[in-house]
Each structure stands twice: as structure tokens, then as C-alpha cells.
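One chain is shown next in C-alpha cells, namely the form predicted on its own.
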């Protein structure tokens, strides 16, 4: 009987997940003007960073063991892929707490973290289809990308990108839980945004950092959000080291998931005490 109930519960969560992902995709597709603005913004950023790196390389084909083509590909892909990752849960959760809607969220049978995760997955799918994929094709047509020739690299890149999404989500969720104790989360949002942008390799590859800062950045989970996937794609992570890189991401994804679940238990208990 318990196995049957467990199967029903799993089936119910799968249907709930599918519904939330579909609704999130449809909601994202409504804002077509925002999608157009994102495309234009990304084109501008790609152009700016192209000229920046051309200037820094000063006509050299290689610098510090990294070719110009690798760096341009890294910078271009970083701009294209960064909108895929969650970064606004702090403000979303804070808004739900202030409005009181959080009471409905935490009273649902679906775990609050899972609820937000499925919504973010829908946004990931929508952004991938409407922003990242078109921008990738445009950048490819403009000659901004040097593609890997190994199918294993492409597979590892896809897996790394998925793991990066989970790391980004649970990091954002953990920080968002501070909204259960704080009345204002804007400062926390900008602080987290700045740290993640700097240490995830979003705009600047970690290999150009000074040794101490590079070592610190490579040890922290932020690297697993975007740098790992981009470094695999451009060949900065050799084939024989890809399993270790994916293992690093997987370990952090699991640790952050556990921390997020435990943190939510404490946050919900705090809300219950405060609410009477």
C-alpha cells in the first residue's frame, strides 16, 4: 500500500512539474518585446567584448596559452547563455513574503523549492528556445564561434550546462530564504548578483585572474554555474579531465540541494512561529 501511495505521489509530482514548466514557458513567451530587447542587448555586448579582447590580444593569436578564438568563443557564449540561469529568486520570494502569498505557496503539497525549481526550468526552456538558440546561430553566422569537433565535448557541455542550472538555482534559493528573516532584500540581491557574475566566469574567464583569486574562484561553487561548461566547450578542460569537472559540479549541486532543503525547513518554521 505504501509503495502504491509512493508511486501515486511521484506520478502526481511529475504531472505538477510538467504543468508548472509548461505554464512558465507560456508566460515567458507572452513578453515578446522583452525577448527582442534581450537579443539586441546581447548583440551589443558581444560586439563590445569582441573589440575589448581584440584590443587586449593586440594582434597576437595566442596569449597565456589561450588562443584568441578560444577567448572570443568563451566571451560570446557567456553572454548568450547567462540569461538561462536563475538570478532573481531573492526578489521573487521577498515579494511573495511581503504580499502574504507565501502562505499559499508553503501550504501546497508540493515542496516550495520544487515549485520554484519547475518554474525556473520553464523559464530556462523558453530562454533557450527564444534567446540562446537564435543568438547562437547569429553568432555562428558572424564567425564569432569556434565549435568543438568531438561529440564527447558536446555531450559534456550539455551535461555541464544542466548541472550549472541546478547550482545556480539552489544558490539563488538559499540566498532567497533570507527573505524570511529580512524585510528588504534588494541589497542582498545586488550583492549576490555581483559575486556570482564575478566568480562564475560570466564575462571574464577565470584563467585570467591573479593566482590567489583564481584558486579561490576555482574552489567555490560559482565556477560550476557557467565557467565549467564554457571551459569544456573551448577546450580549456581536456577530455581526460572532463569527468572530474562534471564531478565537481555534481557534488556541489547535491550539497546545495541538501542545504536548500534544510534551510527551507528552518525558514518555514520561523514563518510559522512569527505568524502564530
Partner chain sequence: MFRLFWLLKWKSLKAELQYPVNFLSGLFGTSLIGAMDILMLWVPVTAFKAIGGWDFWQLGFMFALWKMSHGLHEFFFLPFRGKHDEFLRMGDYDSFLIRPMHPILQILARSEFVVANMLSELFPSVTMFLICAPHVKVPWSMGNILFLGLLLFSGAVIEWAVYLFISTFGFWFVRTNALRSIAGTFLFRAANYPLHIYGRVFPFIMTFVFPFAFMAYYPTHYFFQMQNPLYSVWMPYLPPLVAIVALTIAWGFWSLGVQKYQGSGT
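Residue numbers count along the first chain shown, from 1. Given the structure is predicted, the values throughout are model-derived calculations rather than measurements.
This next part talks about the form predicted together with its partner chain, which is not shown.
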property: Contact segment among 192-200, 163-171, 143-151, 126-134, judged by heavy atoms lying within 4.5 Å of its partner chain in the predicted complex; result: 192-200
property: Its partner chain contact at residue 45 in the predicted complex, heavy atom, 4.5 Å; result: yes
property: is_contact(residue 187, its partner chain) in the predicted complex, heavy atom dist at most 4.5 Å; result: yes
property: Contact of residue 57 with its partner chain in the predicted complex (heavy atom, 4.5 Å); result: yes
property: Interface membership of residue 248, its partner chain in the predicted complex, 4.5 Å heavy atom rule; result: no
property: Single option in 239, 244, 208, 219 placed near its partner chain in the predicted complex, where near means a heavy atom within 4.5 Å; result: 208
property: Contact set, 50-69 vs its partner chain in the predicted complex - heavy atom within 4.5 angstroms; result: 51, 52, 53, 55, 56, 57, 63
